[in-house]
Every structure is written in C-alpha cells, then in structure tokens.
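Just one chain is shown here, as structure tokens, and it is the form predicted on its own.
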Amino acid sequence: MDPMAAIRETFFQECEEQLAELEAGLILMESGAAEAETVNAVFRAVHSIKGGAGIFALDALVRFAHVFETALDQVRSGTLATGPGVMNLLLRAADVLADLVRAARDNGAVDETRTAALVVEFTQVSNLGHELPPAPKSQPTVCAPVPAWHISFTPTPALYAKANETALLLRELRRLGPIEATVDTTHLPELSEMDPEGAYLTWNITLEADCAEQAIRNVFEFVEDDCHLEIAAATPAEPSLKPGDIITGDNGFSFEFFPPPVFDEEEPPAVPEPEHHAPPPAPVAKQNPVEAMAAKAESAAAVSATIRVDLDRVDRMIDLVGELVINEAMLSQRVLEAGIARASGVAMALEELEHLTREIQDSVMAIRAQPVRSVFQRMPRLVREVAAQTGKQARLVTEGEGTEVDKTVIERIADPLTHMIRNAIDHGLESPEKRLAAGKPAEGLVRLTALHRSGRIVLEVSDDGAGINRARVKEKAIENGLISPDATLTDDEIDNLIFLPGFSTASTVSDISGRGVGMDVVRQSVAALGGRISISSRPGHGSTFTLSLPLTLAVLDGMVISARGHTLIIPLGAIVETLKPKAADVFPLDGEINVIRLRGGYVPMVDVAASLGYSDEFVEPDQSVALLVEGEGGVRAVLLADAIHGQRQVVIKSLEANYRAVPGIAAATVMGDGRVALILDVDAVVKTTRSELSRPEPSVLEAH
C-alpha cells in the first residue's frame, strides 16, 4: 500500500473525529453552556483540519477552513459576539466543512456557490483582517521583576505549505502575557535569489508571563515539527532604582523606594520587632533533577494515552477470545464427565481458569465498547434541517450520551434513530400556531435518551407533540387494506399499525415522509439486531418510542434449557421469572393453547418443543418447568420446557450466515460438549403464539 495513501486515510479518519468534536462544541456554544476551553477545542478542530489539508494540497478545504478559523479566533478573543445569527452561521459552516472533507476524501464535487455565500456572510458579520485590541498597559512601576521567557521561532517552508500563519501563533502567544517580537532578517536573500515558497525569517520574542514552559509549547503544538523553536527563561533584571528614588504611578500617587535588605546567610541579623518588620519569606524548595525528569516523562506518557488500531484486528481478537470461552466450556465438561472431585487441584485450577477467561472476555469486549455520543452528535443537525423543512420549531435534548455499547450496535442504530427523529418532528410535533393554541410553547421538544437496563441498552425517542391520532391511523390502515373494516383493535395494536410496510398517514409526499417507507424499516433494523421496539402515546401529550437492544452482538447471557432432548438457550434479559405450574391455574382455550392464571391475569403458555417442531405431542404443564418471558411491547408468555440447566454466557454464532434462517431461532452457539445449541428468538415465539390465539372475553384473557 502506498505510504501516502495510508497517511491520507488516517487524516480523513482524524477529520471525522475533529468534525464530531467541532459540532459538539458548537452545540454547547449555542446553548450558552460552553466554557473557554470548549471554544478553544472548536478552534483547534478547524485548525487541525486546515493544517492536514494543506499537506495534501486540498486547496478548497484549506481556503474555507482558514475563513472559518479566523472567525472562531475572533470569537475566542471576544471581538465577535456569539449571538443567534453568528451561531447559525457557525453551525452551517461546520456542515459545509464536513461536506468539503467528504468531497476531498471521495473525490466528489462540492457546491461552490454555497461555500462562497458563507464566505460572504463571514465577511459581513466581522472584519476578517481585524486585529485584536492591544494588550493592556502594564501597571505602574513595581519593584519585583516580571517573570519572562525568551523564544526563538524560525518557521520552515513546510509550516507555510500547511497553511499555517505566524501572525496567528503570535496572537495566541499574546494570550499568555505581553510580548515584544523582533524579526531577524539576516538570512533574507536578495529578491532575485528568493524562493517564493521558502522561509528566511526568525522571530525573537520576549514574553512576560508567569507560566510553565509547556504552556508556551502548547501554542506551537501544531507546528512544532515544522519550525525551529527554542524557549529559555529570561534572567530577571536587577531594578535600576536607587534607595531614596521617588516613584510616581499613573494615578499620581508617589512613594519613596527602599530596596529589601540583604542578609548574610552565615550571620543572620537579630530578630526584628514584629511591629516594624515583616518576617523573612520562607525558602522555596527546589525540585530534585531526577524527580523533574520523571515528572516530565510521566507527562509525556499521559499525552500518548491512546493508540489507533485497525478494527479488523480487534474483531479477530474477539473471535479468538470467543473460541477460548468455548474451549474452556468444553474442558469443564470433560472434567465433569470424568468425575473429578470439585475439591481436587484440577477442578480448582479449572475454576480459576474460568474466572480468568471471563475477565479476559469482559476486557476484550470493553475495547469495542463505545459511548453512543458519536451517534447522538449527528442528531442536532438533523433536527435543525427537518424543522426548517417542515416550518416547525424543534429543540433536541439528549441524555445518557456516555452510555457504552458495542461498536457494531452503534453503527447499526444510526439509521433507525434517524427515521424515528424525523418521524417525531414531521408527525409528532404540531405547528407553532397549533401548539400556541393548545397552550404549549411554540418550540417543540424532542428527547433522545440512552440507558442500561437489565443487561440491554434502551434508547428512547420522545416528543411533546399531539400524540398518535389513532382514529386516523385505523382509517388509513383500512384504506390501504392492511386490516378489515370490522377489526376490533386495542390502542396498543392500533399504535403498532404504523410499523406495517407501506403505511403512512401523510397527506402529501415530501422529502421527509409520505411514501410508506420508514417505520417498517426501523422495526426490521431493530429486529436484525436482536432487539425490540415499543410505543407509548398519550393524545395531546406526545409519544415515546422505546428501543431495547443487546449491549453486544458477540456474547450473550442466557438460560440453558432442554426440550425433548434438545438443548436451547433463552436470552436472560427476556426472562422475568421461573415457576412451577399448578394444574389448578391452567385453563384451555380454543385450539391447543393453554393460559395460566398469574397474579390476577392470564398469560398464554407455549410448549417450546412443539412450537419448534421437535414433537407433535404437547407436554403437560404441571409436568414441566415454566419461564415467564417478556417480548416486544411488553407482551408476555410462559414457555414450557423439560428442565433448566443453569445460566451461562455463550458466544453468538450467526445461524443465517452459516446455515439458513430458521423461524423462532435467533442464532446458535457451541456448548461445552461440542454440540450446537440454538438460541431462542423470544419475540418471534411470543408473536406467533399471540397470532394463533382467538380473541377471548376480557375476563378470560388479560392483555399484558
């Protein structure tokens, strides 16, 4: 592979990270919750993109990033106020910058008219050549010397090739304190011998600032490899005042100067009277040189706290750890079959191996775990665009951005969340006029929340709109032939009609909705992840869509059961409780479906072996063990099995990729004895059972 191609690919990967940080920072600035460091981080993100683009001669990207960077520098200095108009401009500029980065990466075209229009807007809101106000004058003469640094800064041609500017560096340096800069033109050649792309000047700078050397180096961190930089502490100058000199300040106040007394260390003076003299200052402890070097090394190590690793290598490591878990389970099975006592050395060593394997697996899975922040950060831009297209006012509030989930899950939840948020604004929120008439604020609220619950990640998209118009939904379903006109449906069943393919209540087709594609795609995507989605809606108060997804697609905590000699795994997150049915609590319905009375309600019972085709005969409920499970939308059922063999963490293997899709089966795994065990798809089993139930009287079967 071409080395430059690899560097280019790394640059664009870093650009995506910088763009995410840029947008997150701008959103904080828009909300008024940004601190000075947030503004600096936004500036550094644009500056880094510009510097890297200069290496690859991405001129269009460099030019726009330069204009963007200059405006952000004025925001940092306080010469450009971040009002609503300016923030809108900065957010749109971030979108254009992202488009330019992706166009450069994919060799695509960009809308130059849009880019040029933004440059004109930047020119209108601020004078791009405006200098910062001069540094404040120093206070009247003081006796103590001001800490100072001598800096020698010599740029190389590479610094200018990457679109960096010396003026911006000096301006940033001046934030640390007053500076005096002189230019050394000793090496400047004659005009006829000058290289237009060369660098011949050296800046000698004196900085008056009581700061650490690292603070100065941070100013040059983006260009340190492209310049010759020398930093040295200035020797404090002795005061030129003589005893008895009169010092007059700018305010007209005068006083007589007396230098502090100097004592001989060997012959200290007599103890002075406390009312006439202040005690001598305490000696300053000097740091041991070895300790200083160690501290510097530790600081350098802290900077390199992360490394970039190809995702394929991580996936390979996770696969190998999965195989390790399977082999550990096989070894445990062999020891059990050999009848080795649990107190023996072999059994104890095997138990330690089991704990160690579990820790290794958890650590490896944590490598792939990422916060959902990367997905959430895309949504504010989406909300702004959809609100603008629909003429509505919408505000997005996010919670739980630090909730971690497997990277594979993160990559696949972006599309479902996008559909749901678009739907919340287009269908959920009312127009500003209708909201005001209903006594609501003109601006609608969309809330996006992530949290961990029962070993799964739960994502909620809620709005404070009008809620689902169930009469309209049912009417459209009848018009589209999705249900019969005489169908009797509960509110939950009507709400779930919006997930049917081809269903839409939009009266006109637009870029956002009206083609009957969207929520059915959401349901399919969530089901493909082994998750489920449910709806809760209150007319006039809004709706909440809840996605429940596995934390990872690689491992699963499950309950091992047996049914007619077959070993099955039931996901632990779907199990509510286990119980032993009593004959007096079981009631037959039409067909071959039984229900069990449970806490004042009735729940359908499912013979797992019969539902999967293992046997034509149905098991007697009182001769079985039962597991109360909860599927999509909170629907419950009781699964009947022959026995429960305990809880186990298993490695998920795709059955569809290695064999074919099997109804009622989500995936497969390899057990300790080497046999393949199937992982039950609880949602599919419960859904099939519900569809087979004839609708009984409410007093007989209560909906759960």
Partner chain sequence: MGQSTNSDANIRELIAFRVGRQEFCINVMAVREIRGWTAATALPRSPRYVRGVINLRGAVLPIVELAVRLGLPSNEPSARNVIIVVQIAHQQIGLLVDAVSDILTANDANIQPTPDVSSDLVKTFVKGLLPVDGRMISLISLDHVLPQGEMEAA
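Numbering follows the first chain given and starts at 1. On a predicted model such as this, the values are computed, not experimentally measured, just so you know.
The same protein also has a form predicted in complex with its partner chain, omitted here; what follows describes it.
Figure note: of the listed segments 636-644, 34-42, 651-659, 56-64, the one touching its partner chain in the predicted bound form, with heavy atoms no more than 4.5 Å away, is 651-659.
Proximity to its partner chain in the predicted bound form, taken as a non-hydrogen atom within 4.5 angstroms, holds for one residue of E323, E354, D362, D95, which is E323. Contact check for V676: a heavy atom falls within 4.5 Å of its partner chain in the predicted bound form. At a distance threshold of 4.5 angstroms between non-hydrogen atoms, H566 is in contact with its partner chain in the predicted bound form. When its partner chain is considered in the predicted bound form, N496 lies well away from it, no heavy atom lying within 4.5 Å. Although the partner is absent here, L612 is a contact residue: one of its heavy atoms lies within 4.5 angstroms of its partner chain in the predicted bound form.
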